[in-house]
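Shown next are two forms of a single protein chain, provided one at a time as structure tokens under the names structure 1 and structure 2.
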Structure 1
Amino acid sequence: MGSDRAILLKGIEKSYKLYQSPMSRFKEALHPRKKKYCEDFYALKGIDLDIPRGETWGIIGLNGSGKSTLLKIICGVIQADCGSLQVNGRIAALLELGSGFNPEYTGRQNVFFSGALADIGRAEMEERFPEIEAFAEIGDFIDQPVKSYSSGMLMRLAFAVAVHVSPDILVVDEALAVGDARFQHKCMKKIKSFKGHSTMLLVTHDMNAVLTLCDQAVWLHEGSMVEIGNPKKIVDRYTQAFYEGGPPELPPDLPSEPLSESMPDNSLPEKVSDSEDDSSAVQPPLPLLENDTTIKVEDGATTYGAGEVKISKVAFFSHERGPVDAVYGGEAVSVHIWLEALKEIKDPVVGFLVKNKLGLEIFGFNSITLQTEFPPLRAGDCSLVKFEFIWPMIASDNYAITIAIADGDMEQCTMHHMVQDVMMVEVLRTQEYQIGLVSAEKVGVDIKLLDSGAAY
């Protein structure tokens, strides 16, 4: 196999024997004429794949189509009945939660055990361990047996190990369906960092992930390959076939409480002196920034900048419900940002950006785009910036908010403090049906019945 190929499969087949009962298996084993008491189930039928190095391929299909079986064969977990397989490079796999972990070992021991399986020496794993431990975010549980882990903790550690062993090929089988929203965003960002450098195989039911991340898509159905090609073309045809096979599951009933329809003013920066008493304000239970490189507590956000202005704390409010971490489309909300100037800033620009778990920028505002005058900041000044707006009608999911303060304009500026993914906001379903990522808040429809033969 040439060095430009990562994986090459030819004629891969895999079948399993299905017995009606344990007695049938026993009868077949002892029958003098080798009579069959089983049915052959073909999980894969003649699969051919030629995956170039450095590309990301998505594998889609209904449950039971053979996706996971294919990945297990590629990773060497199971053997194909016939066909040939060639893999060029080190594989890191996220197949089943904790697969490859010894439940009696601690998390730390399993990290080094996984490194040994990946042919990484002890000394090298010692160097990588602090980064793995920090990414997994399981705290003191790193020294507890993994049999005591929750599924989320197990997934965190398994993912952290897989992405930090420098894989040439990264294989992910729906592993990100488990875990909290913030960690899912963090994992997706890490996966995107591999794009173009490592070969990736993703099994997922998230068609947006296939469209966003993948160079090619593979559609499997009942063990056979239906089609390989451009992700958009494959996803369109797969979606068509899915809907022709039956209606999708209907969403649950919606809450009956009406949503706010009032539209507040745009962002209004306010100066706040150190001595001002704001004890009447609700103190947001959100992370405080300790310095320019570290955010306290469990957030996992990354932060950087020149540091002449600091974002000291942030909060997200519903105008009706107070501090919240979940919002309805069409609800009046506000993002509050507290700033501390360490040096004089002549042209401050402050704003925020909302991204989905794939890293797509959904919407955002800043003081320039809203044409709001932000006065210069002097050393020692404290400011509170409030962005007040109606949350847009976007698809139900978890979204990350990034906050930033800079000096300059939209063309050229100095970034003083950017905090990525500082908050997670869950968007609750606000319509019984929604088509696409964004929906218009109010749409008028006029329907007229015309007489037969009437002129249009």
Structure 2
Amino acid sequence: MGSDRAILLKGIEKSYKLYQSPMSRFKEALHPRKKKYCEDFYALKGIDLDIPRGETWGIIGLNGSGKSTLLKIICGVIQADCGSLQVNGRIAALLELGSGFNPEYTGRQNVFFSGALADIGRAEMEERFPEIEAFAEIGDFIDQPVKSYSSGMLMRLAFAVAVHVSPDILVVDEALAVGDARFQHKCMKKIKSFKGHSTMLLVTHDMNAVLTLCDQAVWLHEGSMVEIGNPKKIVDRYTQAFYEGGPPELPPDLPSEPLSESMPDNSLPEKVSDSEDDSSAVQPPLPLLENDTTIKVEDGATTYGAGEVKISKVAFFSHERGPVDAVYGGEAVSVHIWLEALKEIKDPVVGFLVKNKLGLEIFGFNSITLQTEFPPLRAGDCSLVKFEFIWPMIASDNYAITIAIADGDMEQCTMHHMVQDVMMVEVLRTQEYQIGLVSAEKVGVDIKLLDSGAAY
């Protein structure tokens, strides 16, 4: 196990054969000349992964994209049709929590049996048992049959076992999303403690987990790998594609923006001369609030959408200090957004979102959540949307602002123009020490001496 590589996959393919009946599957398996009796459904189409020892990778993708199939192949539960698989080290899998448990047996018996399955002898399990018991926190239930457990207890015990068999490779399939908040937090802490020395593979729909835990993210779509890379980048592209209703056809090294007519510039221009699609709206009759700090929006890698209505400019103000790019928590601010409709938009929705450096969504709102009437836009209309609000007491850091315009409602809408990270806002420090992402406001403290310890 001197290798620095934990998992190596090459050209892994898995097809599920759709048979008319089990009979045809049986005949095919035993047919001397391997006659085909089925139609193939490809769950994985040639996956290559090379995961170095000690790294944490996240796998994201829509339902049915092959994430779980991939994990099952890595764990050796199912076999790939072709391709090579090399796994160095002991794998502990949280595929489906408690799946190896027998409901008739007590928690204790199941823990030892799980050890046997993972090829850990009785003596070694004996040693680890107190830790597992303590982590699971199920008390006397440890000696009750597992069938009497609540699902939360079952999950806790299963998780405790999986993380205490000291795996070289820990595979977690969406298991993070269960349990109460406190236990989730504990699991997260445990998982974080694996970071660095164990290799981890997470499948999750929780983008925040990917952003905060993973070194690399893998995006799967319909059994193919769309992209591998920095979690922030992949999560951005993935969410972007999600709004567009599917990933780009091509591996998105190119800006994944089929609708962008203007130059594919990756950086956000501070101020750019009007390009041809801007020219129709170059003089909106709203210059009042526009000034040097107003940001004109150019299409590029960070923008996408159907483009029937576009965001042309964005400005950010402090009510007291004027245009700013740094604010204090509690400061009254406004955001102005200029829109140009190229076609008729029936139910326009304008949204505003603030994310931190990791891409974690901190707060946001849109014209629906604010219950604002937004009249339909006609082709050629230019509008100005002003949001006024008190900047929340969030940790001092740099934040990115994303603005979007869509057509529809919260359930179903067409994204017309989303501009990711249109500007950076620095939140300035107002307290010397701050604990957590958000500060409480108007905190009162009252300390009273109830009984003096002094005897006199």
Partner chain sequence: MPRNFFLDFITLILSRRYLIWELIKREVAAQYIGSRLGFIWTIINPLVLILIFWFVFGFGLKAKPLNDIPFVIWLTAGMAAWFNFSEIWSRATTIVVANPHLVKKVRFPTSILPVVTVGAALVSHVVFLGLLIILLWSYQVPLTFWVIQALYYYLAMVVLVLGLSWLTASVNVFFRDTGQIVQLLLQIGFWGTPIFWDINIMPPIVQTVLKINPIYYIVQGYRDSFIYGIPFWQDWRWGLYFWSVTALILLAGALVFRRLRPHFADVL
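Superpose the two forms; the largest set of C-alphas matching within 1.5 Å is the rigid core. Residue indices: 1-based, along structure 1. The structure displayed is predicted, hence computed values, not measured ones.
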Next item on the list: Kindly point out the structure, among the two, that is the form predicted on its own.
Entry: 1
Check: Does Gly351 count as moved between the two structures, where moved means a C-alpha shift of 2 angstroms or more after fitting the rigid core?
Finding: yes
Checklist line | Yes/no, Glu55 Cα shift of 2 Å or more between the two structures with rigid core fixed | finding: no
Notebook entry, point to check: Val422: with the rigid core matched between the two structures, does its Cα shift 2 Å or more?
Noted result: yes
Checklist line | Per-residue C-alpha deviation between the two structures [Asp409; rigid core superposition; Å] | finding: 51.5
Checklist line | Core superposition result - C-alpha of Pro392, shift between the two structures, Å | finding: 6.5
Notebook entry, point to check: Once the two forms are fitted on their rigid core, how many angstrom does the CA of Ser148 move between the two structures?
Noted result: 2.8
